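Same protein, same chain, two forms; see structure 1 and structure 2 below, as structure tokens.
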Structure 1
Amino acid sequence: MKVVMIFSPGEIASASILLLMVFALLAGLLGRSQGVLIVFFSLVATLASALTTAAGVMTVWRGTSEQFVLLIGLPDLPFHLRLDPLAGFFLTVIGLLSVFVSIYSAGYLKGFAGQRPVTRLVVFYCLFLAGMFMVVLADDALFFLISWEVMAAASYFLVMFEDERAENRRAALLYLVVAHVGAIAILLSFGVMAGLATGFESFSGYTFDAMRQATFPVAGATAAFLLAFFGFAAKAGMVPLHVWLPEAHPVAPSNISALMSGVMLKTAIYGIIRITFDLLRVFPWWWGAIVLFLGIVSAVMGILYAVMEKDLKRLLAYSSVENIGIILVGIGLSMVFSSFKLPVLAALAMTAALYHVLNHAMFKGLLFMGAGAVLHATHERNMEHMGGLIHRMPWTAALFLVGCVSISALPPFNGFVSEWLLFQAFLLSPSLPSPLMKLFMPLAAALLALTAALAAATFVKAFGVSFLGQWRGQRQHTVHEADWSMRSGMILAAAACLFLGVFPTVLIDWMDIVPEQLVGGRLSMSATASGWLWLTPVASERASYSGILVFIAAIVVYGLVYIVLHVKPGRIHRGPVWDCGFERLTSRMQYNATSFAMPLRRVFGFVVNIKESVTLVPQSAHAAFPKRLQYHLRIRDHVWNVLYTPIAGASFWLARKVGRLQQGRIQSYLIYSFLTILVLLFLTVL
């Protein structure tokens, strides 16, 4: 604690970034003994993340801002860093999950022992963490983009870790392309803002401070916002820019998937909040409406794809699309309220969004870690080949269940709190003056409710098919429980889920400074007015919730019922499963992932591209008694055919046309140069 007092949060955060980078450089030296490397790596990454978390927590708690100017950078363009409460909040989110995942990694990486060296993974893991921390700390466009690229490139190599499979290489390439298309848009957005801030002749507008002080014309600000939103949304995996996400996240090693889904997507959310609320500051309401609309579309489409998925990690990836959608709904709502000068409501929606950022990091991290433990034990991602894992992996099953309950927004766990806050924000929307928004709000709330219900169906399926029932695959004897380091990572994340669900008032008190600085409204006056037990976002007669009392009541009531029924000990007989007298029940007769989703596929199939076919393989003698039935099901994104295939076709077509310029004759190239000079001269004369 003493150390913490001596150094400022900014210094601690910078030190941990340096620690990660130095370790990334030195990791190669340890490469010979992989066991030592993994242990050292886990220690260093855990320490650095814990320090960063402490820095973030302190910054938000004190509500202070620190700025640094680094001596390195381009000539005349030094790097600027700033740690304010918003950055502090995101540092906390990223740091906290990184602590859990780094502990988990020690056990998970051992699974690669004897198969392949993990040095590359360790190096890029450290760079990836450092990149994410730097993105949040950056206070000028240049350093932001450099950090953004460090993060993107490092994660590209992490996705590529098992690069002998063509599927992984393809996914990583797709990820890289989308990340860079997004990065170009972000770069252009910064260009527009810097230019409008100090004129297009000088570079002095590249610091965020200069942008904060500028007043932007509406058209310019709109261009900057739309570019930035496009760029960040591509990284966040918003529909229709999400196609890379279900490809790239599942093929990465599971600790990396946890970080990518849990926190990397959040850096994009950070970018949207930073640019909209901090740099541009003033915005018309329809920007918020766009964010809200696309958020709703992402949430609904994401969960519909998730519920139909049979690959456990792809299911989780699609569910990230859904959760990013929910976060965007909160941000969009906050923008709408803020543009109509309703600061308290804007703060409520922003708190809901930020709380969901933290919650999603925790439970999605936990679920990916759990999926990693399953993958580690069964070498299987396809749920159709799992089943009954709760008997072989009791710890993983219980912890995965906590994640499922949390993400399905069930009280008293954390997902419920943010969803509850968001619904409260929706219920306060009648105070909006715009009739158009009033018309849209009920529909948005309806779709959000639909999303929550579908999420529960998705995670009943995910847990039920993989952990319950009977084993469906081969090689059951090799299935084993996760080791202690993996378990402790998951236990910590599960504890965080419960804590965030049971003590929301503590968290809201702590993070209240962030929405206050962004939208000028506070929640803590009213949210915790009735004491720390009660969460009352607006007023106690308007709505109240007490996670801790629900939790205590649950324990007390379950305990009482159990005791009352066990006063006289009843007998329990174990017997074989009742088989209707058929006597040959096999594990293939269970409901599996595909059949579980069948009713929902039929109800919501019209929004998804489904190809389903049943073919009979006839027996030679009797055509009426087929030998077997073959069932094929293929589910694809409509977006692929509608959006990406035409764009890919058009760019190939354009490339061929441009390719004609390239003839390989020096004369024609000289003519091109000559013509270019002529045109330029002509332009300067004008």
Structure 2
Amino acid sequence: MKVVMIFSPGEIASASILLLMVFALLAGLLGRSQGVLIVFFSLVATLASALTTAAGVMTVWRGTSEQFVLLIGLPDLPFHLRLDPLAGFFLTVIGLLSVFVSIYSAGYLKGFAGQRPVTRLVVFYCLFLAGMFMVVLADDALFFLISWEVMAAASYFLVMFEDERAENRRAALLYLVVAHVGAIAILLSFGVMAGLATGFESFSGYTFDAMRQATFPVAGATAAFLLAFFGFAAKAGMVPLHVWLPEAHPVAPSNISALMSGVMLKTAIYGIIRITFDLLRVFPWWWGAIVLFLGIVSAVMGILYAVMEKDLKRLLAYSSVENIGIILVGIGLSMVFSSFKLPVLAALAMTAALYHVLNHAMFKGLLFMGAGAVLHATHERNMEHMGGLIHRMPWTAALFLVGCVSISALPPFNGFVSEWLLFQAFLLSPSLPSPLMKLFMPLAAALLALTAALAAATFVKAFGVSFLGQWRGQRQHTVHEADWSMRSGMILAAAACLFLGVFPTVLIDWMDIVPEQLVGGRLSMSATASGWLWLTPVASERASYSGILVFIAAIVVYGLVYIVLHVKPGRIHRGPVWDCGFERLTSRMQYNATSFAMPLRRVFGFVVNIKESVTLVPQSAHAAFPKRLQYHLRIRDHVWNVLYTPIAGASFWLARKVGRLQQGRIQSYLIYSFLTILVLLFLTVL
């Protein structure tokens, strides 16, 4: 039976954007009743996100493209929109997590009741989603940059939602500065490509279609690529452009942190892929080597920063730097393979990168929602003041554990599949004809393996210190489980993590049109050659994986252990925890976040700026012990001290010098204007 669609995917996606913008305009009318506003907001945002997800899924499934022209731009510069499989894939990623987070937000925003109105957050949340959707749909430089600015401005106000805190204002300003520096680089990249497409004689080259039809010289294409990569890397949080990310994500409301880390960073990944593989199309191998190298650096440095953190949300933010690095590694590998005319291997690396884009959105969104539930219940981000939360928040603990297992790349959850595919691409790198790349690839693979091991250690710490052991903080009686709307959003994200890990062949078969259009190779023919049960990236005799069998085996082992231990009463004996001879075990005797990471600080401490000190503090608690030891630890990012502090200092110095021009006298300002006119007249004559 043939199914007839009343509306096309492009029309559905456009309707969802319009719905979000209309509700953002009307949200003020419901501002007097915050409870009603939260309910309607959650329903509208969930519906719009679900519609966008459906449009993206249908577009990728069909493998078709739609183009629209909106006559609402500048004169003779209308807005162009395009929904093709690449855009459809990223719409699916953004929309799917937005559905989960919008459901979660219904309960999360109730935590602000009586403290502050949420109308502003609702308005900018809707504009934020609309901006991300428009970035993916944009098909010309003008509309892309306008959408990019809508997304950046909305996220700026969301980061600064609790603006009475100085750290929020500082983080929002830092984010805005880095975002606009990146936007300038993107603008210059589009300017280079548009000018080369039409010979700098008209504005018609601003459309992406004109850029696709152009043949760029190597020098011009390289300039455009480097500018675009710098601009998008600043938004993605790649090292050394990552400094805004661990500042902005922790201070934002947790539902916003989930979206910023889970999907906003992916708009930058989309931009890199769109410009490199769709607009420029042909590139030398060393472009890919640059992306691969910086991806590895970001992955290793990001996880090293994360493992030393004691702030739960900062830990998750630094982990996003690591995962963006992993995605860039896949993109860089795909570029290298594609430049050497190896389409199947390029498709394998691209599939691994895109699969990790989807995976990271799901498990990082889940983890930030879990951290938000913990913050909502304990009012703490510092893991040193947590512990034992599994007893008070069993649902949150179980769902957070799913996110930890997923991000640690452990089967049968989704993080394992994408990283396993990436390692398969590395194992096939001896096919490359370049001796230099053959030498670099084993080192990169080893560093990626190190990253995976450190990620597991990081999230053992995050879960163990936060949810296990005894409570370390104050006000334990106020700790409570998240409500059902928050739990529902986390349950859906956890289910997505499990589904993506158990049925990878289904997803690869669905998304295979994207790498085919980008690099000219398909993976589904080999990946599903042994049926839906086995994932075989290249050939079954080389490597294969079955997520469903691993899942069934885990269930069987768990069931057998449970039966053996519970079939007879009294088989399990509970006793007090061994306390090494002490009278009573206390929370001071258990590992905290700082002590857990101490061995890794000793090994990898050279990559960060560590300052440790111990001081004697007088106390009157006991005459025999008049003083106590107090340990201080400060960890700073070397990149901030080496790169950004000098730039900030130079900027303030220049501002003070320029400020001298502000005399406050009208005569001085008239002289400045007169001199400016003379200079302009002189330049005109020349």
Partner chain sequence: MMLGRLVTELLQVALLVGAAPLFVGWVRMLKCWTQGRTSASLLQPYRDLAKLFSKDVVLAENASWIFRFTPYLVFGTTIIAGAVVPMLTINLPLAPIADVIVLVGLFAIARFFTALAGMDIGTAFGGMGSSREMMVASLAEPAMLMAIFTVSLANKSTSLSHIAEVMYSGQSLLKPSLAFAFIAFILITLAETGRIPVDNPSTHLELTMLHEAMVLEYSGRHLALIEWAGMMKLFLFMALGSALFFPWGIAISDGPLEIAGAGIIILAKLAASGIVLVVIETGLAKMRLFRLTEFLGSAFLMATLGMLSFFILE
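Definition used throughout: the rigid core is the maximal C-alpha set that superposes within 1.5 Å between two forms. Given the structure is predicted, the values throughout are model-derived calculations rather than measurements. Residue positions are counted from 1 along structure 1's sequence.
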query: Form selected (criterion: the form predicted on its own); finding: 2
query: Rigid core superposed: residue 435 CA moves 2 Å or more between the two structures; finding: no
query: Residue 611 C-alpha relocation of at least 2 Å between the two structures, rigid core basis; finding: no
query: C-alpha of residue 565 moved at least 2 Å between the two structures on rigid core; finding: yes
query: Between the two structures, how far the Cα of residue 675 shifts once the core is aligned, in Å; finding: 7.1
